[in-house]
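Coming up is one lone chain in structure tokens, specifically the form predicted on its own.
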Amino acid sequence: MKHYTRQTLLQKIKDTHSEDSWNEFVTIYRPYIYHVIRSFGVKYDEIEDHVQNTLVICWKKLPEFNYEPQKGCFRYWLCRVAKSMVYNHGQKFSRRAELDKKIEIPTTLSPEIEEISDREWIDFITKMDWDNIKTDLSKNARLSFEALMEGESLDSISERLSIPRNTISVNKKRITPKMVKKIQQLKRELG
């Protein structure tokens, strides 16, 4: 999959509303929208509906969206759209047409929502990065690094996986710079 910068991808969607650009947008941002909606405490069996509704609103609103980096990150706008969907669902709008008419996306972001957005964004790109890196690692390197990310101690990992502590430390020192580099790249590409 090509990775356009976020601004280029948004412009392509805005200008052409092409299916390829939209599919790329969904591939990149759908998992983030899912994480954000989940963080609002939505019931597990309702999250997917909120994600789909948020994507529908994005599809409708992106052509008129003007990205202004000085006013905030694009992910903040996505977070506001998701929050609006969750809030409006709670208001029990009965018909889709009524929902589409009444939805208003706030132009400012409360500090609470900004914090949620930033936290979920970091979790999202870290997971995306890990999913890309882990396939190139040995099983023990992958398992030991995942355990370290979960906060398990070196002694516990060493005993559980039957590998020396120093091997775990060496794996961490090799993997961490790769992750940091890739996370920085994802931040540049996706915002």
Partner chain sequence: MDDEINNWKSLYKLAEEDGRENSLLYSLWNVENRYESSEITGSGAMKNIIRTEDTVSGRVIAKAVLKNPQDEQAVESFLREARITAMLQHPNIVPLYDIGLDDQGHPYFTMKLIKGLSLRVILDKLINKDPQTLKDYPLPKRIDIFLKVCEALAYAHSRGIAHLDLKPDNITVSTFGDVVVCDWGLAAIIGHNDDMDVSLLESLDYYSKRYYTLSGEIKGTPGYMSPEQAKGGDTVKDERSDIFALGSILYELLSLGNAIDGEGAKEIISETLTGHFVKPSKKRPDLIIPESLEAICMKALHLSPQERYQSVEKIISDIDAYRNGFLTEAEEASFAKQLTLLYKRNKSICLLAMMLVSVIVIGSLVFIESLRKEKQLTTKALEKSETLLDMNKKISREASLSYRFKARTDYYRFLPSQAVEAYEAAHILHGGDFRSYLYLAKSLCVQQRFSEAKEKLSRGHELLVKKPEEFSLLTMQLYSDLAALNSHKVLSVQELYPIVKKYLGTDSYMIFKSQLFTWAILNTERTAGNEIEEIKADLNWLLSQENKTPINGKLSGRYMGLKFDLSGHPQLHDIRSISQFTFTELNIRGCDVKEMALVKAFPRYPNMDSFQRVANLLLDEGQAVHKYAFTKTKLLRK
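Numbering follows the first chain given and starts at 1. No experiment lies behind these values; they were computed from the predicted model shown.
Not pictured, yet referred to below: the form predicted together with the partner chain.
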task = Please state whether all three residues Asp49, Gln52 and Leu78 have a non-hydrogen atom within 4.5 angstroms of the partner chain in the predicted bound form.
result = no
ask   = Here the chain is shown alone; which of Pro63, Gly41, Gly151, Pro164 has a heavy atom within 4.5 Å of the partner chain in the predicted bound form?
value = Gly151
inquiry  = My question is simply whether Thr126 lines the interface with the partner chain in the predicted bound form - judged by any non-hydrogen atom within 4.5 Å.
reply    = yes
inquiry  = I'd like to know if Phe145 sits close to the partner chain in the predicted bound form, meaning any non-hydrogen atom pair within 4.5 angstroms.
reply    = yes
key: Close approach of Thr176 to the partner chain in the predicted bound form, 4.5 Å, heavy atom   = yes
inquiry  = Although the partner isn't part of this model, could you tell me whether Trp59 comes within 4.5 Å of the partner chain in the predicted bound form, counting any heavy atom of the residue?
reply    = no
remark   = Near the partner chain in the predicted bound form, with a heavy atom at 4.5 Å or closer, the residues from 174 to 188 are Thr176, Met179, Val180, Ile183, Gln184, Lys187
